[in-house]
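The chain that follows stands alone, in the form predicted alone, written as structure tokens.
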């Protein structure tokens, strides 16, 4: 099982201190002119939180983590950690003051409302980590932060779904509204990421390509080489978030990458290169993937009939505030190193995404027979 200790060790070894501090871009890593910030993080021990903590520490900031103590509770023993629950037990936050708060764990509007209303007089700015899923499913290609329809749901009070259930996007949009209602536009930062990956990614969305190309002689790839792909390394995103806090930025930002139009061909062949794999890539059509009910199982590819706007989001505003990206090769190399370490303890590491492994060869054989 991958632990946060494993993850932090792997990330540090792969990235190195300088790369961690500057996002792999060579940016000036001096702190802001205003000096160190006191930062409250709601969450902090999941996927993106440890990257925030590590980066903010290199910048000299003072940190406090607030969470239930259930996810990786042994992380960061030298940092102040407050215990509570977003659902109603916020007593540990009362009577305290911080410069800024980063909300990584707001999934239900009531929870966002409780924290925002409590902290409104205790912090200067509120940074909420939302999602591009806050946009409506009809998302057109190339939208920016202010010209796209926002998702909605019939019952905003429904908390029966898991955090990442079908209403994830609408609930994120409602959380944004709660924070803005409490803090106003001049004290709020909304960060809308797309697909977040990199070392420590708890999903197999990118890692399954590493596993497949490492373990198989032939690898099924759905769609077309030019299908658009957007993804961001958690280290790049969280470093940029901390720098925005230092710079006094406010507003809403699409946190997607890279700064050029990546394609599925570039992603998969990038994995092919870093793994030194000799596997053959077998591209199958959207129609075949849909027929075989694998259309939603090969992230980050989106079928041609799907909402391609979610892979063509405008990130110009974020770039203007200093969002930068490490190379695809660096991301994949670091993830390969993590895979090679973790697969020793967990032979199924990286194999839980995409079509079941034992079906892939049969699907490839059928595709070839049809197109012989």
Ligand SMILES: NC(=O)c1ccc[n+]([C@@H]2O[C@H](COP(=O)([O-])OP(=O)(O)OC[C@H]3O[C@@H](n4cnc5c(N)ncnc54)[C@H](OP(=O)(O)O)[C@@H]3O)[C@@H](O)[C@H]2O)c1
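Treat the numbers as computed from the prediction; the structure is a model and nothing was measured. Residue numbers count along the first chain shown, from 1.
The protein also exists as the form predicted in complex with the ligand; that form is not presented, and the subsequent description refers to it.
Residues 270, 301 and 367 are flagged as a possible site; in the model of the complex, is every one of them within 4.5 Å of the ligand by some non-hydrogen atom? No, the candidate spot makes no contact with the ligand.
Here the chain is shown alone; which of 193, 169, 258, 109 has a heavy atom within 4.5 Å of the ligand in the model of the complex? So the residue touching the ligand in the model of the complex, by this definition, is 193.
Which one, 230, 71, 285, 277, lies within 4.5 Å of the ligand in the model of the complex by heavy atoms? Going through each option in turn, the one that passes is 71.
Taking the ligand as it sits in the model of the complex, is residue 139 near enough to touch it, meaning that at least one heavy atom pair lies within 4.5 angstroms? No.
Heavy atom of residue 86 within 4.5 Å of the ligand in the model of the complex: Contact with the ligand, yes.
For residue 336, is any heavy atom within 4.5 Å of the ligand in the model of the complex, or not? Close contact is absent here: in the model of the complex, residue 336 is far from the ligand, nothing within 4.5 Å, heavy atoms only.
Taking heavy atoms and a 4.5 Å cut-off, does residue 129 contact the ligand in the model of the complex? Taking the distances in the model of the complex, the answer for residue 129 is yes, it comes within 4.5 Å of the ligand.
Can you say which of 210-218, 288-296, 194-202, 173-181 gets within 4.5 Å of the ligand in the model of the complex, counting heavy atoms only? It is 194-202 that comes within 4.5 Å of the partner.
If you look in the model of the complex, which residues in 43-75 sit within 4.5 Å of the ligand (heavy atoms)? Those in contact are 43, 44, 45, 46, 47, 48, 49, 50, 66, 67, 68, 69, 70, 71.
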